[in-house]
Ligand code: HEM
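Coming up is one lone chain in structure tokens, specifically the form predicted on its own.
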């Protein structure tokens, strides 16, 4: 009888919660933002005040939800992830130059994506605040805020489409979605794409979970 592939724990519940809170809010903000920005969609949807309210309150809910996850969740795992993202070694630089190099739990592309996502989130909040408050106090109306907000939307949409392609369509990376839905990935896939991480796991004998335990994560 064939044995089930070995599974390695990749992301904690807290890490996955941060990802899905951000992803859910981003999709609502993108959809409502496009309805406010594109004349054809605005005319089709109508009810502009309602769409604007959804856009604003989703942004507030996103910030509150992230704060709650950080406060109530496993902060150690978030700190560990932040340190991983902050650390770029020779293998990461080689990977970015399209050379074969072993990668850690997060490859160089994923680290860059995380940094860009965090930076864009901050810029969206700052420019969005001035757009909202500028309507109530003209002294805080900054013409550049709308321009930056719009360009952030364009670039974010392109990155979002690329992210969906890699996680839902491209065969070599599609399995990575399992890490964000169930928390685990198969060891064979991890060895092929994140060999350095698997070796670290083997050395420290940490993170390996059985199929039964993984199904509960």
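Bear in mind that the values here come from a model prediction, so they are computed numbers and not experimental data. Residue numbers count along the first chain shown, from 1.
Another form exists, predicted in complex with protoporphyrin IX containing FE (HEM); not displayed. Remarks below refer to it.
Between 164, 68, 44, 192, only one gets a heavy atom within 4.5 angstroms of protoporphyrin IX containing FE (HEM) in the predicted complex; which residue is that? For this set of options, the contacting one is 164.
Taking protoporphyrin IX containing FE (HEM) in the predicted complex as the reference, which of 61, 177, 169, 158 has a non-hydrogen atom within 4.5 Å? Checked against the cut-off, the match is 177.
Please determine whether residue 96 contacts protoporphyrin IX containing FE (HEM) in the predicted complex, using a 4.5 Å cut-off between heavy atoms. No, residue 96 is distant from the partner.
Distance check, residue 196 to protoporphyrin IX containing FE (HEM) in the predicted complex, heavy atom within 4.5 Å: Taking the distances in the predicted complex, the answer for residue 196 is no, it never comes within 4.5 Å of protoporphyrin IX containing FE (HEM).
I'd like to know whether residue 52 contacts protoporphyrin IX containing FE (HEM) in the predicted complex, with contact meaning heavy atoms within 4.5 angstroms. Yes, residue 52 lies within 4.5 Å of protoporphyrin IX containing FE (HEM) in the predicted complex.
Within 4.5 Å, heavy atoms only: does residue 150 come near protoporphyrin IX containing FE (HEM) in the predicted complex? It does: once protoporphyrin IX containing FE (HEM) is placed as it appears in the predicted complex, residue 150 has a heavy atom within 4.5 Å of it.
May I ask you to list the residues of 23-40 that have any heavy atom within 4.5 angstroms of protoporphyrin IX containing FE (HEM) in the predicted complex, in sequence order? Residues within 4.5 Å: 23, 26, 27, 29, 30, 33, 34, 36, 37.
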